[in-house]
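First, one chain by itself in structure tokens, the form predicted on its own.
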């Protein structure tokens, strides 16, 4: 019965091996669920967050997965709006990755708010002066868009296609997917930017505060650029991991190379504006508030090494690799570049979330550090398990990769 659900013309492992794989991953998911339940039942005192750290690993992870999930809206934008036809062979997988990232982000927020049963307050009692209100609306709406974009792929299942009404519905949905791709681009643009803008307007936190353009601080634009630069690299990285696990070629090299080149140019653009913003902040914005550049990096573990790691090792190096043909054609260098690019955006979100709160801003303040509790680690790692399960089920039962039959002849 299981093999009747598998797409025609492709091979999959036995059902027993698949169940064993899912069961092993589910153990990590159950560990995360245990940590989450403790936080829901006993409260946020199960975490190591406090009056200093209202944000912790959850918000870092939330911002990171939203940035990495940008590959969905940006690949869809390039495929359906710009018309880059080669990306049709990876856009399905990008949508699945985006679906995982955004559903994970919503689940993480359900933990972080402490009382998820009151989550509807965001929509019914909206704080119209908060950037996070706009973020909440856009993330929720874009998740709905991702569900709609994921639906045609679900309806491509071998057995579901045999149902005439579902087959017809899926066919018509395919024809208007460009509308949803455009809607997703619009929604993602604003919530990516507003997440950065929230930090940029923190007047009481000189490490994060930025000048800007009209009402938008520079971090608004930098968060957008970093997300669309890292998103395609994350799609490439997860595709490579999937190919390694399945021991199959799923996407042609020219598609990967094209996406890598696009990611490289976007990363270069981001680095240009990021470095320019940092120089202006270090020489104008921070001194105007009585701080020097090194005031923000004198305390360990948040030292200058973190700045060098984010901009230099995880920024300049992957940009060089992705922008050179030799770097893109060498598989090892390509994957290293994608990994560093993704790591760089995660570090960036960590710096804005945790380092911003750790640094003292008043003479009587003290420097404090933060390390997550096991409940925070468990529920965060559960996101990885959830992603593995969704990708595994999608790969086994849905025609995710159009080039798989061609690249893996029976």
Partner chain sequence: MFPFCFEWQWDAGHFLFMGSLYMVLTVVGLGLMYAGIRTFLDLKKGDH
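Residue numbers count along the first chain shown, from 1. Not measured: the values here are computed from a predicted model.
Omitted from view is the form predicted together with the partner chain, to which the following refers.
> For the chain seen here without its partner, which of 246-254, 231-239, 86-94, 128-136 has a heavy atom within 4.5 Å of the partner chain in the model of the complex?
Careful reading of the contacts points to 128-136.
> Would the partner chain be touched by all three of 6, 21 and 67 in the model of the complex, meaning a heavy atom each within 4.5 Å?
Negative, none of the three is within 4.5 Å.
> Which of these residues, 169, 273, 265, 280, gets a heavy atom within 4.5 Å of the partner chain in the model of the complex?
Contact with the partner chain in the model of the complex is made by 169 alone.
> Within 4.5 Å, heavy atoms only, which of 334, 145, 314, 224 is in contact with the partner chain in the model of the complex?
Of the candidates 334, 145, 314, 224, 145 is the one lying within 4.5 Å of the partner chain in the model of the complex.
> At 4.5 Å between heavy atoms, is residue 183 in contact with the partner chain in the model of the complex?
Residue 183: yes, in contact with the partner chain in the model of the complex.
> Does residue 124 make contact with the partner chain in the model of the complex, using a 4.5 Å heavy atom cut-off?
Judged by the heavy-atom cut-off of 4.5 Å, residue 124 is in contact with the partner chain in the model of the complex.
> So in the model of the complex, does residue 164 come within 4.5 Å of the partner chain, heavy atom to heavy atom?
Contact check for residue 164: yes, within 4.5 Å of the partner chain in the model of the complex.
> Since only the chain is shown here, I'm wondering whether residue 176 would be in contact with the partner chain in the model of the complex (any heavy atom pair within 4.5 Å).
Answer yes; at least one heavy atom of residue 176 falls within 4.5 Å of the partner chain in the model of the complex.
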